[in-house]
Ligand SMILES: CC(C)(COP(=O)(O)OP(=O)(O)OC[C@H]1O[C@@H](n2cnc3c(N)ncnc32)[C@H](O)[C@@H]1OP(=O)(O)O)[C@@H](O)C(=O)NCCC(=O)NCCS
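Single chain ahead, by itself, as structure tokens, in the form predicted alone.
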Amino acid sequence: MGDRGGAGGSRRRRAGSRVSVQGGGGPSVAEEEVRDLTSAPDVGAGGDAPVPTPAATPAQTPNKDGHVDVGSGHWELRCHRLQDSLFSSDSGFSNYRGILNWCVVMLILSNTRLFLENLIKYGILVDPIQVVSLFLKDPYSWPAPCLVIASNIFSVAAFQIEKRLAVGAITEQVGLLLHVANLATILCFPAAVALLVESITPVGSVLALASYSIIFLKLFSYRHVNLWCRQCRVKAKAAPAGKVSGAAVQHTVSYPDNLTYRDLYYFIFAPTLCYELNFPRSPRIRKRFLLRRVLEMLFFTQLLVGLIQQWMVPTIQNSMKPFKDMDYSRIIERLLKLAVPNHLIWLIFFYWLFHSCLNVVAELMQFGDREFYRDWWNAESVIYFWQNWNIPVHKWCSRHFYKPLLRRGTNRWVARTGVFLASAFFHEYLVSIPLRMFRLWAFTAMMAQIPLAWIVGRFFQGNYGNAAVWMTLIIGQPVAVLMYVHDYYVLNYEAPTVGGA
């Protein structure tokens, strides 16, 4: 028994010596160790020798790196397993951060090349004095600022109408007629001034008309909410009186106590189009947050002006000849070349307006609702984009236009068409009147969103729908820009030459 035990021990010592000599990494060593582990145990004649277990073998002890040696088991001899490639949809892999960084780097490099090419070709075109001339033709005539100041008349008129409705001095029918006349004048008065006053510039007209459009939407909401409050007051008088919490009365304003000039002008300057009696308020003004947003406003204002003068204006000017000659290949080339700066300027403008400017106003007024936009960049449908990129306008359309139509039994698609029709009107209102020409390109583009929404929703899903939305944004806007610029150029610069000839 001792000889057999000694023979078994010598075999184990010889195997160990071979492992130490070969380093435990060769195939012959691994195969011999597997045979040792899977072979019958070396027991004595009486069967009383201990059976070595895999956990007790020196080959399975972890090394200093915490890894088990190759010969620890037959599973470690396999280096392949059932798996998909990372780019396959079944792999479940979603970390493409490196590819996103690569796209950003390539975008920066390509736009840097375009910027250098622009500087070499045109030189420095940024001119602050020219920016001032866009707002004022005559330094002694300021029609656009005067128009904005005059808008207070219509706000006060709406307030006085509501005061008399609250005390019953006039009937609801008379109040409705007065409100309709006031709102119609808000749209017609600045349009007449923009068309008749020669000293007003197109840019000044756009700013004045945009201010009056905002006042129109705000006063429409102001009248609508106060009407709801009067209706609720009538129902409350008819219903039995209930107990009201004193704490709730102290911290909230009820109708008609909201009819004050302080409340009206807080709403006029607040970054919202929907009126409420009690707006959510932030507890304090965050000075650091406010300073960051103000610096962003100043920086992006200069950047927008520089990009428009240096990049966009030369591209538009060079696009006039292909349009005049109807050279379609050159028109498409100019369109694609204009798409890059136009889209970049639009993205910067979005951040400047909806994040920087509106947050500055909200912080100063301690306005609590800061949801000015949602994740429109993830839109997989046209409808989702329009519902999420401009939240103040979307809330107004939903609250005062879309839902009232549905409550009256209007079909959902008819109500959506009505919303796009109203939006198309204001887009054309803000473009055609300042340019003093009526081509209906903006109106047509907005109404084209209805069939486009159906096409994208019907044939494109997921990432393909998102790509389709981005494509319409990148290509659609420069098409409208070139159409209006071409017509404006022909109307104002070529018409006199033809007449003189």
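When you see a residue number, it is the position in the sequence shown, counting from 1. Small disclaimer: the values here were computed from a predicted structure and weren't measured.
There is also a form predicted in complex with the named molecule; it is not shown, and the following applies to it.
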### Query
Do all of 337, 343 and 373 end up near the named molecule in the predicted complex, with near meaning a heavy atom within 4.5 Å?
no
### Query
Can you pick the one in 216, 311, 275, 386 that has a heavy atom within 4.5 Å of the named molecule in the predicted complex?
386
#### Entry: Contact residue in the predicted complex, chosen from 406, 180, 105, 132 - any heavy atom within 4.5 Å of the named molecule
406
### Query
Quick one: does residue 163 come within 4.5 Å of the named molecule in the predicted complex, counting heavy atoms only?
no
### Query
Hey, in the predicted complex, is residue 420 touching the named molecule, heavy atoms inside 4.5 Å?
yes
#### Entry: in the predicted complex, residue 185 touching the named molecule (heavy atom, 4.5 Å)
no
### Query
Does residue 286 make contact with the named molecule in the predicted complex, using a 4.5 Å heavy atom cut-off?
no
### Task
Go through 410-418, 257-265, 197-205, 92-100 and give me the stretch that gets within 4.5 Å of the named molecule in the predicted complex, heavy atoms only.
410-418
### Query
Listed by sequence position, which residues of 377-399 have a non-hydrogen atom within 4.5 angstroms of the named molecule in the predicted complex?
383, 386, 387, 389, 390, 393, 394, 397, 398
